[in-house]
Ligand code: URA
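Coming up is one lone chain in structure tokens, specifically the form predicted on its own.
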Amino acid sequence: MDRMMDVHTATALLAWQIEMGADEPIGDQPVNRYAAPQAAPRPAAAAAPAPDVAPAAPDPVVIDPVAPDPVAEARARAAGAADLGALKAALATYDYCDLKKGARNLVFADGDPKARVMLIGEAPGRDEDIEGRPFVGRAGQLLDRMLAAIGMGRDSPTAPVYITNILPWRPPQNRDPSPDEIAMLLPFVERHIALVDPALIVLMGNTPCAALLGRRGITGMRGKWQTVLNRPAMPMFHPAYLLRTPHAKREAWADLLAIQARLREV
């Protein structure tokens, strides 16, 4: 027989349920919450009527009709250089090549500007950028030994050479020069050749061949005489390539002997 719960016990049980987290009473019959009617969605606010104003016209694209062409500017500056000093100054103030912003020094040239042989490389490396002279790192030291083997050198009193690069500023991480960089600096190189007026030119690697001959493929071109600005030109492996590929020094030696023999004819 069930006993009636006294008031004190009922109050204590209710207080315990509240303490345990009960926050609403439970009816005598269970409620199926899934069957409970869903609340009607709130109606969306009516969009405000658009003002009777014509949409604003987009800003016109402004094209600067006098924006300089970097290549045309390079041609004009190079053509105006009457001597090597003026050409170097024209390069130093040429601000259209972004390589200049990251380089320490302008690497112009080295050797005797009256030499009969002009060597043209690719671009300065780290050592050249620091010193401001072309071919002074490991590749340059190998080049000096190669030239000495046929009686030449940048400081030779009897058979000097003159050395420069297609690019006067070092590319970041020694990457290959881009076609745009070559195109804008080529007028300076061509003027450089005209001012030095060498008897023959040596193109060291793919980049000078691409710039002055219009094609790459040094393995197929090396050892075969070409013509650059009405002068004989010999494509050769770059000394940096010879450091990585010592077995190619045999071909480089043959090219040096060909240069030596050609000098006796011109």
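Since we're looking at a predicted model, the values are computed, not measured. Numbering starts at 1 and runs along the sequence shown.
The same protein also exists as the form predicted in complex with ligand URA; that form is not shown, yet it is the one meant from here on.
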Checklist entry - Does G111 reach ligand URA in the predicted complex, with heavy atoms at most 4.5 Å apart? => result no
Checklist entry - For P124, is any heavy atom within 4.5 Å of ligand URA in the predicted complex, or not? => result yes
Next on the checklist: Quick check for you: of 73-81, 133-141, 96-104, 192-200, which stretch puts a non-hydrogen atom within 4.5 Å of ligand URA in the predicted complex?
Outcome noted: 133-141
Checklist entry - Mind listing which residues of 154-169 have a heavy atom within 4.5 Å of ligand URA in the predicted complex? => result N165
